[in-house]
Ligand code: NAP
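A lone chain, given as C-alpha cells: the form predicted alone.
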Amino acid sequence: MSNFEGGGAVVTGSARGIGLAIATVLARHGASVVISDIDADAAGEAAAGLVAEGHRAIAVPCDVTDEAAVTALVDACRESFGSIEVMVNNAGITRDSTMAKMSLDDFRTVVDVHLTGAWLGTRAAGRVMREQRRGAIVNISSISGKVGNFGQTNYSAAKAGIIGLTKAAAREMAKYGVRVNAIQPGPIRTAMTAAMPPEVLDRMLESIPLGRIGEPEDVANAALFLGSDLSGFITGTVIEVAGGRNM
C-alpha cells in the first residue's frame, strides 16, 4: 500500500496513542505526515521521532475546535508537502460521568472536540481535495457511537454524530473524487485500558470473539487501507475495529 508517493497526510490528536500509530503507519508507507496535537511539545517530539526513522514529518499544533487553526493546519500540509492526500480526524477527549451528574459544559466540550472538530477537519481538507479532485478523509468514531456506554452520553453522542457527518460528507464529496469513511474502534490497548482493574478487563475480553484487546496498530492499519487506493471504490462506510464485539 506504499502508494502515497510523498503526498501529505494530516492526523489530528497524533502526539500519542492511536493517532501516533496512524501517523507512523502512514509515514512508513510513503506519506509525508503532519503530526497535529493541542500539546505542541508532544507533537514536536512525535514528529522528530518519525524524522529520526527517515520519514518526512512536521509538527503543527492545533486546537481542532478553532476554525482558523484547522484551516491553517490543512494549509500547512499543502504548503509543506504539495498536497493533502489523507486527512484523519482523530482528536478527542473524555469527560465521563452519568448524565444526572454531567455538567452542560462537559457535554458541550466533548461534543465540540469530537464532532465539531471532525466537521472542521472534513470541511478544511475537503476544500483542498476538491481542487485536487482526489483525497481520502478518515473520521475516527467509536463502537460507543453504535451501542452507547454507561457514563458517556457526551462521548457516545459525539461518536454517533461522526457517522452521520461521514455519510453526508461522502455524498457531497463523491463527485470531486474525494472519499469519506469512518472507523469505529472497540477496546484498544491505550492508557485508559491499561488503567482498568484486572477483573473489568477480563470481563471485557470475554465479550470480544477474537479474544484479545485491540492494538493501536489495528486501527492504524484500517486507516491506512481507507486512505489508500486499495479502497478506491469505498466511501460513506464504517469499519468496526473491535474484534467482533457488538457485531
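Not measured: the values here are computed from a predicted model. Heads up: residue numbers just count along the shown sequence, starting at 1.
Absent from the display: the form predicted in complex with this ligand. The rest refers to it.
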| query | finding |
| --- | --- |
| Stretch from 164-172, 84-92, 99-107, 129-137 whose residues place a heavy atom within 4.5 Å of this ligand in the model of the complex | 84-92 |
| Full three-residue contact with this ligand in the model of the complex, heavy atom 4.5 Å, for Ile18, Asp37 and Pro187 | yes |
| Listed residue (Ala31, Ala182, Ala47, Val64) with a non-hydrogen atom within 4.5 angstroms of this ligand in the model of the complex | Val64 |
| 4.5 Å heavy atom contact, Val113 and this ligand in the model of the complex | yes |
| Contact test in the model of the complex: Gly13 vs this ligand, heavy atoms, 4.5 Å | yes |
| This ligand contact at Asn154 in the model of the complex, heavy atom, 4.5 Å | no |
| Proximity of Ser142 to this ligand in the model of the complex, heavy atoms at 4.5 Å | yes |
| In the model of the complex: members of 201-231 within 4.5 Å of this ligand, any heavy atom | none |
